[in-house]
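Okay, here we've got a single chain as structure tokens, the form predicted alone, with questions on binding and movement later.
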């Protein structure tokens, strides 16, 4: 399959691209790569897809929110989470739907804070929960494609980089990337898939 990986310069995105390369053609895309894309701008996503008209699948491992206590969150913090983590990936789905080849796939990324919130993670929980619900709804209207959300646990490399205490269930990015490959090559749709 010809697969665009959005967020390919990030920890998870780079691992996904590496895991796909043995059996698929990968087009790595990000704000900082040769294939530039900004998920906040649907025109940017459409331009990337139009420049690669034989794309079978899009995997998005991009999107951000704000980590801080609920009492300290501002309107701007919520706007960041909703416009970036949530609507950025909704934009990916909307733009990819009419442009992918039949029997292709769209995979977006949510995360553990959707199912298991923690103090400070309210905007992530908000965006992840909404994305998982949207995935279920969008899949109902895309009979020619499979749409799934992948909900990674804590990523071991991220925990180490942030100097956080060990997180139960944390997995290396390469391990999590195998779940994306399995979802891409599988038959499920409208699901939230949790790497294990």
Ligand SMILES: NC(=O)c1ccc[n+]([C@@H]2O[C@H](COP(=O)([O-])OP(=O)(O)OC[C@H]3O[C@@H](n4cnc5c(N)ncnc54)[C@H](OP(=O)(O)O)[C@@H]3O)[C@@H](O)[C@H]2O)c1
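Residue numbers count along the first chain shown, from 1. Not measured: the values here are computed from a predicted model.
The discussion below concerns the form predicted together with the named molecule, not included here.
Contact annotation for the candidate site: 25, 181 and 184 all lie away from the named molecule in the predicted complex (no heavy atom within 4.5 Å). The named molecule is not shown here, but in the predicted complex it comes within 4.5 Å of a heavy atom of residue 30. At the 4.5 Å threshold, heavy atoms of residue 12 reach the named molecule in the predicted complex. Though the partner is left out of this view, residue 42 does not reach within 4.5 Å of the named molecule in the predicted complex, counting heavy atoms only. A residue is said to contact a partner when one of its heavy atoms sits within 4.5 Å of a partner heavy atom; residue 37 meets this definition for the named molecule in the predicted complex. This chain is displayed alone, yet in the predicted complex one of 62, 57, 147, 127 has a heavy atom within 4.5 Å of the named molecule; that residue is 62.
Residues 124, 152, 153, 154, 155 are the members of 118-156 with a non-hydrogen atom no more than 4.5 angstroms from the named molecule in the predicted complex.
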